[in-house]
Structures are given as structure tokens and as C-alpha cells.
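Let's start with one chain on its own, the form predicted on its own, as C-alpha cells.
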Amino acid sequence: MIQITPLTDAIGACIDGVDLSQPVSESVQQQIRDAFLEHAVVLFPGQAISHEQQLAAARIFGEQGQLHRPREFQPKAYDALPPGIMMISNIREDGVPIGSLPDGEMMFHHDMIHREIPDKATLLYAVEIPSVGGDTWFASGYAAYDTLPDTWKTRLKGLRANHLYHYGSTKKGDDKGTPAFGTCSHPVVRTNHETGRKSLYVNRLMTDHIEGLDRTESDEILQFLFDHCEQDAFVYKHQWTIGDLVVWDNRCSMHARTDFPAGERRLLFRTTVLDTQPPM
């Protein structure tokens, strides 16, 4: 029997009783999709799945996404992986990382927000984890929007923000002058077309400015929103266990990574699900 248990009041649910290494009935798939839309983050603990089984799990939520495989990382490490699977790892071979986003902490962000149609969902499966740190924190954009004063909701109506992705950098505007790998603008308040719910859709890592405002006013608004969105009351802090598969809704949640010891191995496999329309 499937059991769904909320992880916090604001975001996240644990789904027990599902073995993703086996075919999943349509009725259970529907329960999973419903939980995903309600809680924005769903955790499947204790999984032992292959790459193909992870891709099959992704298809529960929609069409499989196509991931960028960076050329500067070890190409041999990807030879055995099917399309759609990406490594998130600090493991190095001949001094070169085998995967993406290898080291350190990452500020809160939305995946692929620099694209015209960002991915609907991301799945991350834990294979090796450090003894401490490397946790992933998830913040609810729904809760952040719902708790805004009405004056702020009115102020944000119709505003759009520009987002940048500096490939190979973990912060905007780094001192190396790294050019933007991608850039796009989206509504500051996004409506999830599957639920009709509104959420805040800006983040500290990738949101650069609000269009049509001078930099001072834009920075003032964004700093308020960043601080508001990252309140502990809106956050689920996930400490990884080997075999965890976590799926999150990029449209209404953002996530961050805590630091971890550089000398300890961390390996997770990532896949994504395409959305069907741009943010509105």
C-alpha cells in the first residue's frame, strides 16, 4: 500500500510503499502525480534503481527532458549513461570532475530558469553521499507568495524578472567576468498551469534584475523577496540517504545545497521532465 506523509507544513511529502525498480500501476502513478502537485517535493526512500528505471520514474511525471552534458568534464564517465541521465558529483578522475556542479554549497535557485520553457521537474537519486553536509534544501514558492502582504502582491503584479546562468560559476556577476550561458525573463509571480496556484519565481543565485525598474528599486524588491522566500518556515531540509530519490516541481519550489567535505565522495544521478508551456 502506498503511504504519503507530509515532511513539513509548507512543502514536501515522503511516499512509502512504492518500489520504482518494478512497474508502477496507473492508479499508483496518479496518486504520485497528485502528491507531487500538492506537496511540490516528493521523496521515495530506499530505492535501488538502474538508470533506465530512473528514466521510467521520470516518465510518471511527463516527457523526459534532455540534459546538457558539459564537455569540460570527463567524457568517458558519460559513455555508459543513457541520454537523459546526468551526474552530479565531486569525484575526479585524473584530476578532472566526472560530473557537474562538483563542489561546495549552492544558493537557492530554480533549475533551467534561464530557458524560455524551464523544466517542469527534476529527479535526483543518491548513490554516494558524504558523512556530513551536501544536504538539499527546498523552499515553497507557494507559501512565500501566500504569506505576502496584499500591498506586496499588488506591487509585484505584472512584473517580470531577468535570470542569468553563468556556466561554471555558482553566483551572479562573478569577478571573473564569466559570460552568461543563458538568459531569459519570466513573471515574478508565476501561476502553475496544472494547479492554478501562484508562487514567487525569483531566486538569489540566478535572478539578476526586474525589468523596467531602475537598479536601486529592483535590488530593493529582490532582496526583500529573496529573504522572504528563504524563511525556515517555508523550507524542507533534506539530509540524503543512499537510495533516496527526490522529485521536485521547479515551477513552485527552489532548492539549495549545503557545503560538504571536499575529500569525501558525492554522487547523484539527475534527470528532468519537460514542461509544456512557458511560465505565465
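Please read these numbers as outputs of a predicted model, since none were measured by experiment. All residue numbers refer to positions in the sequence shown, first residue = 1.
The same protein also exists as the form predicted together with ligand SIN; that form is not shown, yet it is the one meant from here on.
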At 4.5 Å between heavy atoms, is Asn90 in contact with ligand SIN in the predicted bound form? no
Within 4.5 Å, heavy atoms only: does Thr136 come near ligand SIN in the predicted bound form?
yes
Practice prompt. Give a yes or no for Arg251: in the predicted bound form, does one of its heavy atoms lie within 4.5 Å of a heavy atom belonging to ligand SIN?
Written response: no
Using 4.5 Å between non-hydrogen atoms, is Asp111 touching ligand SIN in the predicted bound form? yes
The one option of Ala126, Ala144, Leu164, Leu101 with any heavy atom within 4.5 Å of ligand SIN in the predicted bound form is Leu101
Picking from Ile117, Leu81, Met106, Leu159, the single residue whose non-hydrogen atoms come within 4.5 angstroms of ligand SIN in the predicted bound form is Met106
(message) Counting heavy atoms only and using a 4.5 Å cut-off, do His255, Arg266 and Arg270 all touch ligand SIN in the predicted bound form?
(response) yes
